[in-house]
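The data below hold one chain only, encoded as structure tokens and taken in the form predicted alone.
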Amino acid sequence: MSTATVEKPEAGAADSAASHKITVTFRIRRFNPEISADASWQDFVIDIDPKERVLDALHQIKWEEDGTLTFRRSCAHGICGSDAMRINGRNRLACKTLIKDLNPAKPITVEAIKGLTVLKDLIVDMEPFFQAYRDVMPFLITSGNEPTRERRQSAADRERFDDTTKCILCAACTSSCPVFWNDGQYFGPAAIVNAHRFIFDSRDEAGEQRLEILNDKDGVWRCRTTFNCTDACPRGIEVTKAIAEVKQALITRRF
């Protein structure tokens, strides 16, 4: 039986790949409470293809430059929402942000999202965010006996809340909100979006309960309609519109 061999790439192909790389400076806000109570900026200069993503650059820095760099990531395809961070001053998913779209001729700044306690480098404490999510009861609530078949719903009824089903709980919207920055007790856009998803679901029977939860001093009325949340959402959800619809439902009790 013949032995399998692995063909080495031609020298020309390797040179071609290298020729597409550019030198980029990543300015990352570092924080390690075991070393210092203060955060500081650190520059990393790397050669990378501009068509790569910021997440690829962070991997390269961690694997080749500084193994202590700490950040969250999982699927790397814009679905899990775990790698939300501030890139050049805007909330984005690192796995969906191409380097070429960030003016790589200048230093690219990367820091943790705002409004949540930074634990280390680019990692924040997500517990307050998820507690607000849990508080709005983000699950279908019905009464009576368990049905023997699926709960039917028309296409029109589904369309009523279709947009808010896209939330991936990345916290990009909530951590872009000035109200949330100043008062962490505010439920925040993501929690309201997930309440909206069930308030307007024709199969659900707990809309009134969720509205009462949000009809609070830290609830939906704290929104100042700055549209930061809509701009920050990597899934394109019309967050501000959803918040306005919840406000309208509270006023009219029609949903």
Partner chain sequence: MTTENTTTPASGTTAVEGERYSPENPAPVIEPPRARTTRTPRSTRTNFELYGWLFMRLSGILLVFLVIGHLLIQLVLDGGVSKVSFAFVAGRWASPFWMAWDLIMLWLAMLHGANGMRTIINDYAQRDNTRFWLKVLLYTATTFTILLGTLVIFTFDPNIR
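Bear in mind that the values here come from a model prediction, so they are computed numbers and not experimental data. Positions refer to the first chain, counted from 1.
Absent from the display: the form predicted in complex with the partner chain. The rest refers to it.
*Asks:* Please identify the residue among E205, E212, D56, D49 with any heavy atom within 4.5 Å of the partner chain in the model of the complex.
*Replies:* Looking at E205, E212, D56, D49 one by one, just E212 meets the 4.5 Å heavy-atom criterion.
*Asks:* Could you spot which one of V179, V124, I168, I87 gets a heavy atom to within 4.5 Å of the partner chain in the model of the complex?
*Replies:* Residue within 4.5 Å of the partner: V179.
*Asks:* S36 versus the partner chain, in the model of the complex: is there a non-hydrogen atom within 4.5 Å?
*Replies:* Yes, S36 sits close enough to the partner chain in the model of the complex that at least one of its heavy atoms falls within 4.5 Å.
*Asks:* Should T68 be counted as a contact of the partner chain in the model of the complex, where contact means heavy atoms within 4.5 Å?
*Replies:* Outside the cut-off, so no.
*Asks:* Answer for P138 alone: is it within 4.5 Å of the partner chain in the model of the complex, judged on heavy atom distances?
*Replies:* Heavy-atom contact with the partner chain at 4.5 Å: absent for P138.
*Asks:* Taking heavy atoms only, is V118 within 4.5 angstroms of the partner chain in the model of the complex?
*Replies:* Yes.
*Asks:* At 4.5 Å between heavy atoms, only one of the stretches 159-167, 68-76, 110-118, 87-95 reaches the partner chain in the model of the complex; which one is it?
*Replies:* So the stretch in question is 110-118.
*Asks:* Using the arrangement in the model of the complex, list in sequence order the residues of 39-70 with any heavy atom within 4.5 angstroms of the partner chain.
*Replies:* Those in contact are S40, W41, Q42, D43, F44, V45, E65.
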